[in-house]
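Only one chain comes next, encoded as structure tokens, the form predicted on its own.
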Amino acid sequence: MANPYQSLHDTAFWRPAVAEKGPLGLSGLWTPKFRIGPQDKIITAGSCFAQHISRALRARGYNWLNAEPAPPFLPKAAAQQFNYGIFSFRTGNIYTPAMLLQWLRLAFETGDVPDEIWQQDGRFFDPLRPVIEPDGFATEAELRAARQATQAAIAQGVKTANLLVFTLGLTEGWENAQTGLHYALCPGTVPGAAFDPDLHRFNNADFASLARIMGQALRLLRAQNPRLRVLLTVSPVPLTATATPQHVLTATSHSKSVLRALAGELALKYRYVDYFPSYEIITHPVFRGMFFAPNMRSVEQAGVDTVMGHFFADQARVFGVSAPSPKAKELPGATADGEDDLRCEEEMLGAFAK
């Protein structure tokens, strides 16, 4: 062999793999490590883009696990309003690795997670998910019971599932400077707690800390379920707002670049972790922004369809076509497709733009 490049497949070269194919002719973007079939029990969590993935899996007859279904008396619209059936658990969006690890520690009672409850106008709010109850909880006991139900659902879901799909969303987050509790959203941007600059601390996590946190989360997951596989994605949705001094465009580029590098490194390091390139399919310049809505932030349905088309095509290319599960059915709390009914809590920050 004259040199190692002579034996490479066309996908290794830009001209035949990209330039000659065009954005809608690309193929083989993902070589999955493991088969994901309709019989697998799949749990989803993370940023709002994970909702697109769970809906597409359900539409294809895949076995998405709703580990915390809505009460049977609650109508579908109300179930969505109260954050049932959005993710596999009623956590709301989990935007950061720190929040994922914090929920896992609560669910499996490992590590010392600080306790905090917010109260405003006689209502009680959970700082881990302050908007799951639109008007807050009537009592602290009700809040704690609801949180314990979610912790139990996470524990059962992780122990039952074959696959966790987790979408990394943000590097920016807020925490209690005294206790280290990680918040879902910045206090003062949602009901429940006024912002205190001496108590509430901003953190834009770097690669090293994120790698350490995700490593801890993955090891905890596998300790509870040695068969669990993890598929990582990165949300292509730009930041609504940044608390850094940077322009929101460059802050978005920084945050997503760190998360993309993190996902790639974790997939290389752990045999049971894979990365699916939904981020590249939506954001790469070769696609010319065609999948974004006019606000250049929301992802149009055509983009979701293209992402999931690659997902199923590459699974079939590597492992063969999977037959839909005969047990597949519409799950409690499931919602109709569409960008308007996605639950993306970070979008609330847009209300503070001058």
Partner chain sequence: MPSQSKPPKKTLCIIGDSHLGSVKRALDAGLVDMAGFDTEFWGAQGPAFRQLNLIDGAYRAQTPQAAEAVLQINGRGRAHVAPGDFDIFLFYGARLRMAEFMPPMLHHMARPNGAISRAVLAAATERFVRGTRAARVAMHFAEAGARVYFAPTPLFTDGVIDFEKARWAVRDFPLAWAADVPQRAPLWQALSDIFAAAGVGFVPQPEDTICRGVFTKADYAPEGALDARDVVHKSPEFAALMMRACLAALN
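Numbering follows the first chain given and starts at 1. Not measured: the values here are computed from a predicted model.
Here the subject shifts to the form predicted together with its partner chain, a form of this protein not shown in this document.
For the residues A70, I53, I36, A45, the 4.5 Å heavy atom test against its partner chain in the predicted bound form is passed only by A70. Proximity to its partner chain in the predicted bound form, defined as a heavy atom within 4.5 Å, singles out one entry of S209, Q178, T139, Q120, which is T139. Of the candidate stretches 194 to 202, 94 to 102, 71 to 79, 215 to 223, only 71 to 79 contains residues with a heavy atom within 4.5 Å of its partner chain in the predicted bound form. Though the partner is left out of this view, L268 does not reach within 4.5 Å of its partner chain in the predicted bound form, counting heavy atoms only.
Mapping the unseen interface onto this chain, A152 counts among the residues with a heavy atom inside 4.5 Å of its partner chain in the predicted bound form. Under a 4.5 angstroms non-hydrogen atom cutoff, its partner chain in the predicted bound form lacks T240 among its neighbouring residues. Though the partner is left out of this view, A145 does reach within 4.5 Å of its partner chain in the predicted bound form, counting heavy atoms only. Contacts between stretch 86 to 119 and its partner chain, counted in the predicted bound form as any heavy atom lying within 4.5 Å, involve R90 alone.
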